[in-house]
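First comes one chain, alone, set out as structure tokens in the form predicted alone.
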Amino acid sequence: MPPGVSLSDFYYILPELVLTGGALLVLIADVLLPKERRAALAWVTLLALGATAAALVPFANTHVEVAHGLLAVDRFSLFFKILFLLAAAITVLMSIRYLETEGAASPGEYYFLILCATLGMMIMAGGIDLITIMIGLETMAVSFYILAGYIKPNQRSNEAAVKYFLLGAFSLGILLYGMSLMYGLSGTTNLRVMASAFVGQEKDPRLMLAVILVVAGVGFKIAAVPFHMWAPDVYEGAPTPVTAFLSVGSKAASFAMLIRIFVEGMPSMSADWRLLFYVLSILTMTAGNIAAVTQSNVKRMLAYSSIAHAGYLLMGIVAGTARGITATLIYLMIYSFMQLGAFAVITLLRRKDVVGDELKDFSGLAFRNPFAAFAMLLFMLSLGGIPPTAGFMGKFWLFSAAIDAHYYGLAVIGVLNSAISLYYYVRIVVFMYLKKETSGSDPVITPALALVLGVTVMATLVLGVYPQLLFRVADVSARTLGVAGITAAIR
């Protein structure tokens, strides 16, 4: 196949090019704008995200491979790109007030890194080649390493960045070693070509080792037990909007990478990787929920909650069917809204005199700010899977996908873990509605935070009552994966 990139390839990667241009525009604006007007950089960032979303419209029904098989432009990648752009836009709106409160000197760098992380995620979702996936992964990871330590005077933020970087580099080495074995055994880095090359090699111990190493590397990115050690400290120490974006965007991008590698690249090895993910799913949801019960810091509690939700999401991968992949996509979208909404409330509670991330900081919130308290109540019920919230519908699809694939025990363990999770979610509600002791100034909702809470509350309610549209979109997206991969996974 001739080397090089054609003009048509540039057309198909137009959204990524627009986002790259937007990121560079933010840096230029940061230099040109006077210091007192740099708050406008948030709106420049939102403009870049909006332009990228508009650039996705022509590709709504496209299903092609571009750049000689490096990227796929299909509905699967489109679903994730929309999710990433939504999460990034909500994160930017949350960050406006937060950066002012923290006294951040150069918001332009911050918003530039948010856009770079989003760009990396979009490349990961469309990548059908190991090289492309790795470029996207590193673009995202390096951005998050810096963002985690963005509040330089904060010791916890610095510690979070160092831990995340060191453990991330270690996990990357494991992932790269596994990928190099995949390349050596198949003679290609293209996942769809690799799928055919692995047929007949299922018993090769080198390929089994590759599967184990790649599962371990991906397990770190999705914070699955026992590769979760970084998550609680990083979530607690990083700036709250960054924590929100990391818990949603990075997790969704990592699941997109996981699905591409295993469902499209290793369908013939599905018996092996499904067994590994089966064990990881049980360990992750159970350990995450049990650890969350003892936490008094809400960001740390939501970190362990995020670990548990990674366990739930793995149930769809374990099912290995088109319905399982659909359920995973549905839950990722739903989880994004309820998790971002919960962190928006924590951002609201951050004031000059209050950090706002301890359970006691939620005391009396129902009397001080009824709307914020109601929103947090809704997010906690949704995360716990209580109807008629979106979280219930998401878990219903995941558990039913596991049952359809005859993983009855896994579904039962999932339901039991959901029951355990209600304990620590309800603790936050108790502090908001039953505790009267308050400290610090009253939290004030800015227009940007009000918009974030309004959007996330509406999404959590609407997707719980009328989820059919999301179900149809996710189903179509899942079924546009490599036909050979999905078929083999179902078998």
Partner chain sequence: MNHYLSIILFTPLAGALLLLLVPKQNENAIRWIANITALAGFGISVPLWFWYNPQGSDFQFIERAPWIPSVGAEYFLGIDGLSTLLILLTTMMGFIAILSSWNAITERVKEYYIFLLVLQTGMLGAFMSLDFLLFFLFWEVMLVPMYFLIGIWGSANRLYSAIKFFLYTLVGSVLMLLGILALYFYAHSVTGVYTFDVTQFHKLQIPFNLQWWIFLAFFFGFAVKVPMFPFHTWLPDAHTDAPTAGSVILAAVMLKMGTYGFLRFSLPIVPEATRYFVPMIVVLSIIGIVYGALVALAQKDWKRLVAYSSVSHMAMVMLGMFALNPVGITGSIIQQLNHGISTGGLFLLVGVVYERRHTREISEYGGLSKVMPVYAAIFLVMTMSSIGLPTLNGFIGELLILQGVFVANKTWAAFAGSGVVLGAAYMLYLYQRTMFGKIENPKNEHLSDLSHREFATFAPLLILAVWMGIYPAPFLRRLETSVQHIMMRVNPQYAAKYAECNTAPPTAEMVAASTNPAARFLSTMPCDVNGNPLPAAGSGQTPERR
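Numbering follows the first chain given and starts at 1. Keep in mind that what you see is a predicted model, and the values were worked out from it rather than measured.
Heads up, the form predicted in complex with the partner chain isn't pictured, but that's what we're talking about next.
In plain terms, the part of the chain that comes close to the partner chain in the predicted bound form, with a heavy atom within 4.5 Å, is 375-383 out of 204-212, 306-314, 254-262, 375-383. Out of the listed residues N158, N297, T101, S400, S400 is the one that sits within 4.5 Å of the partner chain in the predicted bound form by at least one heavy atom.
Residue V415 is the only one of M229, V415, L176, I135 with a heavy atom lying within 4.5 Å of the partner chain in the predicted bound form.
At the 4.5 Å threshold, heavy atoms of K35 stay clear of the partner chain in the predicted bound form, well away from it. In the predicted bound form, at least one heavy atom of V429 sits within 4.5 Å of a heavy atom of the partner chain.
The partner chain is not shown here, but in the predicted bound form it comes within 4.5 Å of a heavy atom of M393. Among heavy atoms of P388, some come within 4.5 Å of the partner chain in the predicted bound form. The putative spot formed by L167, V199 and D233 is not touched by the partner chain in the predicted bound form; no residue has a non-hydrogen atom within 4.5 angstroms of it.
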